[in-house]
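Here's a solo chain for you in structure tokens, the form predicted on its own.
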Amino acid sequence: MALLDKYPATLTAKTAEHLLRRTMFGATRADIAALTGKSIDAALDTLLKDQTAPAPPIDPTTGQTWVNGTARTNNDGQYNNYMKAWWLGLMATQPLSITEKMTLFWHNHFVSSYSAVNDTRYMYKQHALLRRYALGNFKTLTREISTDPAMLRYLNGNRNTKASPQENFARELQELFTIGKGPEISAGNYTTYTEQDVRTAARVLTGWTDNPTTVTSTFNLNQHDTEDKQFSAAYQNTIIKKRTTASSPNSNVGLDDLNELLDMIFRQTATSEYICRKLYRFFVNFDVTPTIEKEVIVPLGKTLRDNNFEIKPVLRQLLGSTHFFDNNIIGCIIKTPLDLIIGMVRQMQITIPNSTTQTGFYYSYFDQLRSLAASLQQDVFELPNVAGWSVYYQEPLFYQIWINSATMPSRANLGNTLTNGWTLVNRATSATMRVTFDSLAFLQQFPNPEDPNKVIDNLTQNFFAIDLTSEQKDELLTKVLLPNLPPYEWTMEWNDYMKTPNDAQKKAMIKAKLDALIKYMMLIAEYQIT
């Protein structure tokens, strides 16, 4: 059976959960139920459905957005935090869709950072672009990102002129965004392009700049190199011919040169295979073995080319494959901080403040989660470098980079933080609100909550991507939920509580046991994988 053969079976709860954990930020019980019993085609029809663009972020103290306004000379950093909180809110309240995960994929692929761009309007506009093309056409998105105002600022494309060509974007366009380096054949020269190709591409891209008043890009023909541009044998000695307003349709000299450059790059087989390799590492596994390269990456690259660089057919083929559902793939990825944090909120079904009627608390809540994610080294809109998060490219550790001496204590304490809850502050009114996790209500969604063995079975199935051993489950029962107590003690306490659920003492006793169990589960190493 070929690795990319379509997964033939109806989705079970376990396989539906695997698909959802990889394509969304955590899976709720309702999400899993919605896909259980469906064919893989029907499940992917749901996950790959285009989504309506969300309303933009707002300033919770005024209730108004700022993203279409004038530049701010002060306090823009606070608006950056609002924008981050807004996006984490979208992740936590996502519908059954891969859109948020794919937006994050492109955010990590076409990298910019707020600290370099220094304007939240620019960063929002780029984010909206990535979201609009999240499930769209890779080539079209690359063309749009090449003249995106935030990208022009981030990689100095706004200073790229014929008198002084700036190579930053030209280099990253080839090395990181499309074709990849390939094997190095000499200093600075690769099988896929040469240093001269970088310099030549920079000449093609001259003349673009950003306009801070309108947050748009503009093209200045006087700053553009209109002469012939000769590329190397790596690009089949392609020449982008001298172009003038008279020879270029609608006088779009800059766009016509850009399109010709991208046509050349996207003709290279390496381009389609490079992006498919990144998708594989993001959604499936870091380990691209020679077998995976031959039987997964190469055919996926062909699918991408055959479909004119539309992303959906590639995702459908990859996520719907027998390989994706292989037991060795389930549980092979260490959770990203966002998967861990947002996944906890969604798995535990923690009540989130209403974004419309409790806007200040809503932004405060997700600002807290933003801060937690940043402490675990995943800060959206502030990636570490132009290559993105190193877990997707840094050999040999890859995902293991998420776990280190700086992040492990915070990861270990995260279960305590979310289970114990915290106080939110409404910046507009200074009012406070306590957010807590109702573990008793949560448990009542599962069958037989009075049976301690069923409690262990149900919660481990809910929280873990892979099955725990019988020894681990026995430890959870006898040493955590009921230390030095017989199993019937839980049944008696639970039934007694259910008879008088408003009895504060009975509620506190049973809740303390349940909270201790859930917190302990989140300390187990297996909880860190998906």
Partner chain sequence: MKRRDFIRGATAVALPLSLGGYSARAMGLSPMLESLAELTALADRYLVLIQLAGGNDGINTVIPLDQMSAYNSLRSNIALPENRVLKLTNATGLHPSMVGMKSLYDAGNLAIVQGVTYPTANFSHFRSTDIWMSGSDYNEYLSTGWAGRYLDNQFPNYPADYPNASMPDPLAIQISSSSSLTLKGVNAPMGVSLQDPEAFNRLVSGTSVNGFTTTPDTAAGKQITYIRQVQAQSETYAKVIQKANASAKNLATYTAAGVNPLADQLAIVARLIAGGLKTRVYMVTLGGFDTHAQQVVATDRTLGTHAVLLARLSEAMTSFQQDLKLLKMDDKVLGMTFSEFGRRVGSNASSGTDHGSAAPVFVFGKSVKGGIIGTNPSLTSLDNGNLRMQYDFRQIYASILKQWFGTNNSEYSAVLGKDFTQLPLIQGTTSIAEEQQTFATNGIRVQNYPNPVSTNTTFEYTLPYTSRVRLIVVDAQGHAVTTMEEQQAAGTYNINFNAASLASGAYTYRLETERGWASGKMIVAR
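Every value quoted in this text rests on a predicted model; they were computed, and no experiment measured them. Numbering follows the first chain given and starts at 1.
What comes next is about the form predicted together with its partner chain, which does not appear here.
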> Is Asp5 close enough to touch its partner chain in the predicted bound form, meaning at least one heavy atom pair within 4.5 Å?
Replying inline: no
>> Quick check on Glu475: any heavy atom within 4.5 Å of its partner chain in the predicted bound form?
In response: yes
> Is there a heavy atom of Ala187 lying 4.5 Å or less from a heavy atom of its partner chain in the predicted bound form?
Replying inline: yes
> Is there any non-hydrogen atom of Gly331 lying within 4.5 Å of its partner chain in the predicted bound form?
Replying inline: yes
> Which among 120-128, 267-275, 98-106, 403-411 is in contact with its partner chain in the predicted bound form, heavy atoms within 4.5 angstroms?
Replying inline: 403-411
> What is the one choice in Tyr362, Tyr399, Phe219, Tyr280 with a heavy atom within 4.5 Å of its partner chain in the predicted bound form?
Replying inline: Tyr399
> Within 4.5 Å of its partner chain in the predicted bound form, heavy atoms considered, which of Lys454, Arg199, Arg143, Arg132?
Replying inline: Arg199
> Is any part of 147-165 within 4.5 angstroms of its partner chain in the predicted bound form by a non-hydrogen atom, and which residues would that be?
Replying inline: Asn156, Arg159, Thr161, Ser164, Pro165
